[in-house]
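Okay, here we've got a single chain as structure tokens, the form predicted on its own, with questions on binding and movement later.
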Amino acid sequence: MSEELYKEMAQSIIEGDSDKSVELAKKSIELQMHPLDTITKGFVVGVNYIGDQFGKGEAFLPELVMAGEAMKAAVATLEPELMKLGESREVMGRVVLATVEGDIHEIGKTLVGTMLSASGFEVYDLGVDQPAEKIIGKALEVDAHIIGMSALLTTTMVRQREVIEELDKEGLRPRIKVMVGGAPITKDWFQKIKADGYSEDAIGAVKIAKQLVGKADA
């Protein structure tokens, strides 16, 4: 019985159907299925599948966004059950995300946040146009393992370097790892500013985040 349900759960994510994913999450609660099983054997399978398809160029950004939203809705429905059990999922790590100062692009960063949350990271998304001290302040406040910065303009990407220089100055690296992303960000830039991780898309970002916290899938 549960095998069928797991398949339906994965399918609801693949189809990006939030109503369906919430309905299935509620059903699993009624059936007293273990919420961790529901997440890992059901919904996450769908997230991983759509991620792989996206990586191969067989699924596109809107599908990825909708899958992320459906996952978020399902996890939110199950969260109270997890709390009741007194065991949240193993937290992979804490990540502070922001779009750098002077830049107001949101979509890519939000998507990365959704995918990281769905993969078990605790995500603190500060939003857009965030100065270095705000980003670093938040990272210290929540004892973050990773800072993820997005920039979509060549004029604002220099702010990523400023944050890294500030972290160095305050002796916070390598304790806090830095991931960068955004349209103008290249491998050359990532190496030049000595960031710890760089990805062109949200799926890649999750992989890199796992590597940076030492939880990479073998």
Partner chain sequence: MSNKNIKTIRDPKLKLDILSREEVRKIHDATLQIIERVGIKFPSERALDIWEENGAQVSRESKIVWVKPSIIEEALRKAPARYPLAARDPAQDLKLDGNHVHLGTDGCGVEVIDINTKEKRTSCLQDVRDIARVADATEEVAFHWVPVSAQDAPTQARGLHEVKAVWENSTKHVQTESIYNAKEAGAAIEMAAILSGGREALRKRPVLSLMQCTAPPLAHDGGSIDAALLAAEAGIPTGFMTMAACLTTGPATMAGNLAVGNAEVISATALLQLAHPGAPVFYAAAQTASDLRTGAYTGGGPEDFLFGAATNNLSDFYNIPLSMGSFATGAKEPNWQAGLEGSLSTFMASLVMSDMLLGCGFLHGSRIWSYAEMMLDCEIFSIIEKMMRGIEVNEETLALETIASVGPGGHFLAQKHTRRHMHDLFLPQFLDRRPYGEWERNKDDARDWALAKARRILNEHQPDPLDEKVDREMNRIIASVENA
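Every value quoted in this text rests on a predicted model; they were computed, and no experiment measured them. Definition used throughout: the rigid core is the maximal C-alpha set that superposes within 1.5 Å between two forms. Residue numbers count along the first chain shown, from 1.
The same protein has a further form, the form predicted in complex with the partner chain, not shown here; the description that follows concerns it.
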Among 36 to 44, 51 to 59, 169 to 177, 23 to 31, the region lying within 4.5 Å of the partner chain in the predicted complex by heavy atom distance: 51 to 59
In the predicted complex, the residue from 144, 123, 78, 111 that sits within 4.5 Å of the partner chain by heavy atoms: 111
Contact assignment for the partner chain in the predicted complex, among 91, 85, 140, 107, heavy atom within 4.5 Å: 107
The partner chain contact at residue 191 in the predicted complex, heavy atom, 4.5 Å: no
Interface residues of 160 to 193 toward the partner chain, as seen in the predicted complex [heavy atoms, 4.5 Å]: 183, 184, 186
Yes/no, residue 52 Cα shift of 2 Å or more between this form and the one not shown with rigid core fixed: yes
Pair residue 51/residue 119, Cα separation in the predicted complex versus the displayed form, closer or farther by 3 angstroms or more: closer
Sense of the change in Cα distance from residue 118 to residue 60 in the predicted complex - at least 3 Å versus the shown form: closer
